[in-house]
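Coming up are structure 1 and structure 2: the same protein chain in two forms, each one given alone as structure tokens.
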Structure 1
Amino acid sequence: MSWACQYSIPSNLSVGGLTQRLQRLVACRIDTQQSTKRTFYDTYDWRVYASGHALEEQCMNNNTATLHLRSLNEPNAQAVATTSRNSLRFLQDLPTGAVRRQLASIIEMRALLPVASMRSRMTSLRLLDNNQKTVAYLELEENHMLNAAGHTQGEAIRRACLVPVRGYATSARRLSRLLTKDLGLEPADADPLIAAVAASGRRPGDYSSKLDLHLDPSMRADAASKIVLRRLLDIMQANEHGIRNNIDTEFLHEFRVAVRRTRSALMQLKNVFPDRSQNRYRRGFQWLQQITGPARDTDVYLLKFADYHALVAPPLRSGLAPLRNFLQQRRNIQYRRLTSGLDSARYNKLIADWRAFLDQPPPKRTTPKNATRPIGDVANERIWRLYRRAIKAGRTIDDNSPAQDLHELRKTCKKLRYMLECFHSIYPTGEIKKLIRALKQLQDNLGDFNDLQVQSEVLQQFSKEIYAKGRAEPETLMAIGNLVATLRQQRELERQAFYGRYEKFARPVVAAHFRRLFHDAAEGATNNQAP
């Protein structure tokens, strides 16, 4: 496309004035004129924005609203859906159609939250040809940004958006030339989303659960570890309100991932912090992981419910409804417990002390032997050791190994993954990504095996509980039985797939990669130190 779609209208030109001048130059007609409130939606971790889209709700005077999902690079490539006002939250609340279809892979299970809003006076013009056929649209907007409190902020931003009609590119080009040459409009590239978000005091992408840190391999191990751990604490605290307000299931998930990464770092980075502190926080985060576990488990069962439904033989499917109610009730209870855990003095003290500990600058002299060593060396040692442990444990697994062995291997792989992710920035860019990709395939297999193992046991337990409460119809018990049998079959398939995945992870190319990055480098460092 050789012409721009978005233009900013100069401050000396009003929307009315522009319309009049345009009507003198070309055949055009005012189509609609309306005032709307436009609200931009995104998930907490900006998934819509990160995928290069903006999702906007335009409220009409009656109780309806239109949803516009447009690409930030090509604003005219947009999908529209009609919905009722303020009804947006999850994917299933959206009407079926293009918007929902496109959003499905973007937002997944996350809730949509309003991120910014503005009041707009919108004028839609149609450019007509000799047959009075519309050959292009020009949308003129006068936007008043609203801040977080809902008050107008700053001056109105006036924009024009040229929407071409398919098959009439020449007319759109002509109109574009007219706008820039004759009417003095400047092409604008940023979507109104950016200005609206700025007015609400935020920045697109201001939250991410990624550990995008920049560490120097020569940094002291304790200082570098504190930077990583502080980032993990920030992530935990950022997700807290989402758990308390029960917005969606990902808040708890990300909170728990940060807790697990913290625990893993505390366990793996031996002799970096004083033993007393290390032991205390290790116990503290172990407790935190325990109290968040049951709530996450019920979340997982509910998220998987659609899959469960599909796995059960069709005539038995209706029997699963009581299981869903049971899980829903259980989830409510577990979330209440979890919230009281987060409100407890123990939690608040743990977090406050941990923050204070991390904020302390590392002491000049300290006893733990790894504290003052470069983080690069410490990380190399730990990652190399974990990798070798994983390889060794995997080699011993055969058809007769108990599920526990696979579970242990899974835990080792997880620790390895967390270490790779926490300290990826001290290695050359892209190197760690390749290793994680190789590791992920094995982890997925081990994870699925473990999940299927646990789920089949737990679902059986649930069926007993439902039966004990006297709420179980024979259909429900049969449906759960059928589901458990299917899950067990799948578990066996995963077990068979393990060998292939392990072979792939243990292949010489990957081994050489691990050795080069973590072992040879470590040896080089020791040799340098030796003389």
Structure 2
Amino acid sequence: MSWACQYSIPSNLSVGGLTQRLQRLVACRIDTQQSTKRTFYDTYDWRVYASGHALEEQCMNNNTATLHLRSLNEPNAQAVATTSRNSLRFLQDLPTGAVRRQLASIIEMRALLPVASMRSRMTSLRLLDNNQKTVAYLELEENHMLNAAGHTQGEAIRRACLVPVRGYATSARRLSRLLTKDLGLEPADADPLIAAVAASGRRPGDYSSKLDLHLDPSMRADAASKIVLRRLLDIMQANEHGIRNNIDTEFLHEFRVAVRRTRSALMQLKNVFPDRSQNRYRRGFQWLQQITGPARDTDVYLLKFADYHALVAPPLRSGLAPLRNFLQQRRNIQYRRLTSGLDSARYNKLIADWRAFLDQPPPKRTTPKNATRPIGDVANERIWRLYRRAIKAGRTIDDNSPAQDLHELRKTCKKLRYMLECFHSIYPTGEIKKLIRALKQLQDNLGDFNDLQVQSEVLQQFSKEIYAKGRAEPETLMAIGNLVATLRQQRELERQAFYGRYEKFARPVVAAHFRRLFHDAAEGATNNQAP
């Protein structure tokens, strides 16, 4: 079946009226009738929709519900699960089966949130041929949208879906023509999800943390930079409510990524904004990164806990339970502190002043020497400089280099990545993606090495704190010790893998791409400015 079989029913025609008119034209009988509450779920960043699926819960008048995960392109291809009502939030809340397996790689750690709800009267008609054989089903819906309080709002949305029976495609096509030409039905949106979300004033995919901007390389650097920074501020503020309400860990993660990108841009875009403003906001966002760090760090430990459990020798695994309890209690405390920080006058003033600064149009005359230069030229210079710094630093690392050297290279790579991502739209899409992909492979290695280094040290400290509070049995200390030893082994494997990752990033073909896109363009701009 294709989505050409979806129809909208005119507002002046009820489902009952359509059924009566249809019965005069073709043999049919009512197969089933039922009323249900339908709720559509997705993550805050629309991961289910982006994967080409819709997730719908249908609740009857009992304590159970059916959960339907269907393809947006092939609605008959769907997995169904039975679950308890009002229990749908995280992957682990779902019963084992096809729905959970398919969602696992889609939503990962994100919470499922209701994006639209409606009450539906659903009628299924069986369409028959002259021999009284079923050739198709016509599913009729009368949907009343529900607001946040559960009350109906707006006009009813009526839809029809023609479902052909295998082997009766010709009959189905004839019925499709009858529905459109004789009964006045029109092709509808691909899925009820689209209409339901639209009725709530939203659209699928209306939030993303991606920097989908379209900058002109000839724009003034200060004007272009403000566009990027304003988008980052929008992302931060869009994630505030998820942090305050502790919905899932990705709200804080995306908030912090936007903060880090902001800090990086303020550091790298030198002489674009007045020094006084630049220094003030650099300090402000440094503070913001500091107050959000502890909560995020604990989130990471809890997200990795299943991996930690698997890394510990089986006889010792039960000893990790006190560590999990310790981390959960620590997280609760840190989120309360974080929420207090977000409620503080300092935070509100920082965000309000920053928004006002970004909304100010660039002055015609300004003292920073890079403010009025084309953003393409400024970005080229900074990206090329960061790339050369990364190549030089990586070349000096050997087996005797301290971990700090790899950490510094990691920070340089992160700054380079942020610059590439923030200003990707002024470069050819295909080429910039290749460079980001090449950089990411090295960055992942450096990030894993750093994480393993920090985690092994911090987990040791945690074991001391647990012991000092009298919550650690010998099994717990042994389990954490075993885990730390394993993490250190993995850290050394990542260190040895560094050389291959670095050589791959530093290879001539990647260097040529960086040189052509950034160095040669920067040189050309300088020559054009020369008298």
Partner chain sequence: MKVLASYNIKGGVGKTSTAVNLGYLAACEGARVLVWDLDPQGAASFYFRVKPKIKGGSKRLLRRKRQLLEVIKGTDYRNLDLLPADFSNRHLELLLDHGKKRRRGLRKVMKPLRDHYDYVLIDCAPSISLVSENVFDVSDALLVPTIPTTLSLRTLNTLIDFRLKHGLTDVQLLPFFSMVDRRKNLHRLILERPPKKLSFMLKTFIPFASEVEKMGVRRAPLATYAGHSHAAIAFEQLWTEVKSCLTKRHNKPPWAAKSNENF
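Rigid core (definition): largest C-alpha set, two forms, superposition within 1.5 Å. Numbers follow structure 1, counted from its first residue as 1. Quick caveat: nothing in here was measured; it's all calculated off a predicted structure.
(request) Name the structure that is the form predicted in complex with the partner chain; the other one isn't. (result) That would be structure 1, which is the form predicted in complex with the partner chain.
(message) Aligning on the core only, does the CA of Asp448 end up 2 angstroms or more away between the two structures?
(response) Where the cores coincide, Asp448 shows only a C-alpha shift between the two structures that is less than 2 Å.
(message) Taking 2 Å as the cut-off, check whether the CA of Gly154 shifts that much or more between the two structures after a rigid core fit.
(response) It does, since the Gly154 C-alpha is displaced 2 Å or more between the two structures after the core fit.
(message) Is the shift of Arg126 between the two structures large enough to count as movement, that is, does its C-alpha move by 2 Å or more after the core is superposed?
(response) Yes; that C-alpha moves by at least 2 Å between the two structures.
(message) Could you tell me the distance the CA of Val26 travels between the two structures after a rigid core superposition, in angstrom?
(response) The shift comes out to 8.1 Å.
(message) Keeping the rigid core superposed, can you check how far the CA atom of Leu183 moves between the two structures, in angstrom?
(response) Here the C-alpha difference is 6.8 Å.
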